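First, one chain by itself in C-alpha cells, the form predicted alone.
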C-alpha cells in the first residue's frame, strides 16, 4: 500500500432535503487511477465535487495529505486548487477567444517553461494545434486541451467528471489512454467518474455508487488495457 493522498470519512451531502451522499468512506493512494462508477443520479459528481473542495460536505470530513481540509481558510483552499488539483469536465470550458496555447497556460504555475509545454502537448498529441482557437478543433481535440490545461501544473490529483461523456468510442478510448499516460508519467492520482464499466475496468480501483452509498469498493486485480475496451454498453 502506498501513501494515502486523499481520505473521506463519513461524508454526507444533501440537496433540498434529499440525501445525495450518505456516509461515504474511502481512501486514495498516491499515483492510483480510481474509477467512480454509477448511473446518473447515483452521486458520482457530487462525491467528486466534495473530494475536490468545490462542495463542502454536510457532515463528515475530507483529508488531503493527512490534513482536514474543512479547517482550511479560503486562501489555503485556493492555493490547494491552484497548485495541487486539476479538473477535467465533460463540457470543455475553453475560452473561445483564446488560442490553444493561451487556454493551456491559464492552468500553468508561474515559471512554467516552453519545454514543459511542448513535452505535455506532444504527449497529448496537440502540439500542431497551439495557435488554433477551440472552434477550429474536434471534440476529442478540445478535451485534450482541457487535460493539458489541468496537467500543465503537474497536479498531485486530477478529478475527471464524465470526461468522455460527450465523445464517441474512438475519442473516448484515446482520452482514457492519455489519462493513464499522465498518471504514469507524472505520478498523478486520477479520479474518473463514469457510467461505463469498460472504462472502470482500466482503473486500479473501482468504487460503485448507488443512491449516494458506496456499494462496492475493490482493487482491480486484472486491469484492462484501454486498447482492449469493448463498447456497446
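Positions refer to the first chain, counted from 1. On a predicted model such as this, the values are computed, not experimentally measured, just so you know.
One more form of this protein exists, namely the form predicted together with a small molecule; it is left out here, but the text below deals with it.
Is every one of 15, 41 and 44 in contact with the small molecule in the predicted complex, taking contact as a heavy atom within 4.5 Å?
Yes, the whole candidate spot contacts the small molecule.
Answer with yes or no whether residue 214 is in contact with the small molecule in the predicted complex, where contact means some heavy atom within 4.5 Å.
Contact with the small molecule, no.
So, in the predicted complex, is residue 20 in contact with the small molecule at a 4.5 angstroms heavy atom limit?
Residue 20: yes, in contact with the small molecule in the predicted complex.
If contact means a heavy atom within 4.5 Å, which one of 180-188, 198-206, 45-53, 165-173 is the stretch that engages the small molecule in the predicted complex?
One stretch meets the cut-off, namely 45-53.
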